[in-house]
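Below you will find one chain, with nothing else, as structure tokens; this is the form predicted alone, and questions on how it binds or moves follow later.
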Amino acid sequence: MSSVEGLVTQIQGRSSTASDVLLLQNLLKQADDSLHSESTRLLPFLDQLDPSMHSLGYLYFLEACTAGPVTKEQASSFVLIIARFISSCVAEQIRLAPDKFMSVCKRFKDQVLLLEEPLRGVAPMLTAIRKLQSSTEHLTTLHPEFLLLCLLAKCYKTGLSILEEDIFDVDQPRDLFLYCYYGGMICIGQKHFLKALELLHNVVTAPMSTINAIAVEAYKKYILVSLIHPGQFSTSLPKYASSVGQRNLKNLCLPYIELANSYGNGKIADLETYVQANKEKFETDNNLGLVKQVVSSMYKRNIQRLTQTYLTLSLQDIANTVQLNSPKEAEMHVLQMIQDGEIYATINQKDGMVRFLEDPEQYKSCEMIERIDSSIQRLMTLSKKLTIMDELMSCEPLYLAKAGRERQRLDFDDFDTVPQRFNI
């Protein structure tokens, strides 16, 4: 153990300046194997290190300590130690060993789940992301882990805090798939269906060489959310979606495609019959709750269609047309839609008549002008980002090599003719 004690001394003496920390990093890399071989004896040495001063050395010791199997009793103590480390560690030091930091954080997530206390992991994991990120545009491997904890702990609002950030830099494709999938589920939990649709769309259309389970599950939810929010779904994926996705996703989600077809007919009885017949399948996929929201949304969709035809209509007529049980139920649906801003109408309680109105928004208030200006500024920033990324990609050797190979397969007739003024 003298070598470990000597390493502790080196950590204590070489953690004050940037140059010393770089030298310490090399020592720790060389000692990594021996630390793992002594992993069961390292825990007491953590008491000799201060995570706020000796972050890099503490990280190496902590990663070795948690490398083996952990019991529920050990998890209780490790969760406290790791949470304290994440809170007090120095970002500049832990970024020198990002793989080890991510390993420790993932084990932390596993341990809070072992204890069945996902809520305990939410705040520390968000702190870990902020310390690991080079900027808010950087998607780390910890983002999906954080969103999973938010889902399990039902801390949807906390999860939304990072979903509002624009992402341009991704470490691993799998991270993007899981980030968008879990993010979509969090937005569904908050009934932010437009944002959920955007995130699930990213999963479904992302480049993939082979079909994966994340994309399949995302496509199922994408179909359901499309029916709930816009009220329509197209089986055709955009041209920029991968050929693998275009060929396989529909065949792997046939019950959901058929549900969308039944929804499109506008007959509530047929839709409910189909849902009941396939209830077990939807329940197995953990999508039955969303399917029920789809059924409920059909009533809203049918009421919205009435606003395009009638100026006034009785609650009894609405109930009959939309196939609701009573005028009272029709009134509740109309009131909820007015509250959600889905229709504009007034209800005369005296005679039970509903009067449909035009959208009162004139788009000339100060608040609306500020929103429009904010959207324009964001689009301008995004345009500049895309231009920079396009320029960088056009200089990327891998891209140029692939583009060269593709060009060789083209015939002369595939190229545009040279304009007359350039002819020699």
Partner chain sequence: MEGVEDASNPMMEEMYVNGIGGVDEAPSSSTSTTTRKNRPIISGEQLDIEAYAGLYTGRTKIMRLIFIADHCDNPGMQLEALRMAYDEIKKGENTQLFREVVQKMDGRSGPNYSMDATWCSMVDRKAEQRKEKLENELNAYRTNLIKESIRMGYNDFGDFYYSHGALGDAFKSFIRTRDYCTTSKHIIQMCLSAILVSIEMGQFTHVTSYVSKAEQTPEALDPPTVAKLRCAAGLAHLEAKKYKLAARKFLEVGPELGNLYSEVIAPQDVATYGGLCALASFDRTELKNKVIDNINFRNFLELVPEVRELINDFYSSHYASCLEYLGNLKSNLMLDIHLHDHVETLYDQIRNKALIQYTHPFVSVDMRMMADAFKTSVAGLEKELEALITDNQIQARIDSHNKILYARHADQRNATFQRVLQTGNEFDRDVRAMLLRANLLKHDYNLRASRKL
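All values reported here derive from a predicted model rather than from experimental measurement. What we label the rigid core is the largest C-alpha set whose atoms superpose within 1.5 Å from one form to the other. Positions refer to the first chain, counted from 1.
The next section is about a form of this same protein that is not shown, the form predicted together with its partner chain.
In the predicted bound form, its partner chain sits within 4.5 Å of a heavy atom belonging to M353. Within this chain, T309 lines the site of its partner chain in the predicted bound form, having a heavy atom no more than 4.5 Å away.
Proximity of I167 to its partner chain in the predicted bound form: non-hydrogen atoms within 4.5 Å are present. Within 4.5 Å of some heavy atom of its partner chain in the predicted bound form lies at least one heavy atom of E358. When its partner chain is considered in the predicted bound form, only one residue from V244, I214, A206, I268 comes within 4.5 Å through any heavy atom, namely A206.
When its partner chain is considered in the predicted bound form, only one residue from G289, G264, P173, P98 comes within 4.5 Å through any heavy atom, namely P173. Residues within 4.5 angstroms of its partner chain in the predicted bound form, judged by any non-hydrogen atom, belong to 313 to 321 and to none of the other stretches in 270 to 278, 313 to 321, 90 to 98, 256 to 264.
Within 4.5 angstroms of its partner chain in the predicted bound form, the stretch 370 to 388 places a non-hydrogen atom from each of R371, I372, R378, L379, L382, S383, K385, L386, taken in sequence order.
Relative to the superposed core, Q349 undergoes a Cα shift of 2 Å or more between the shown form and the other one.
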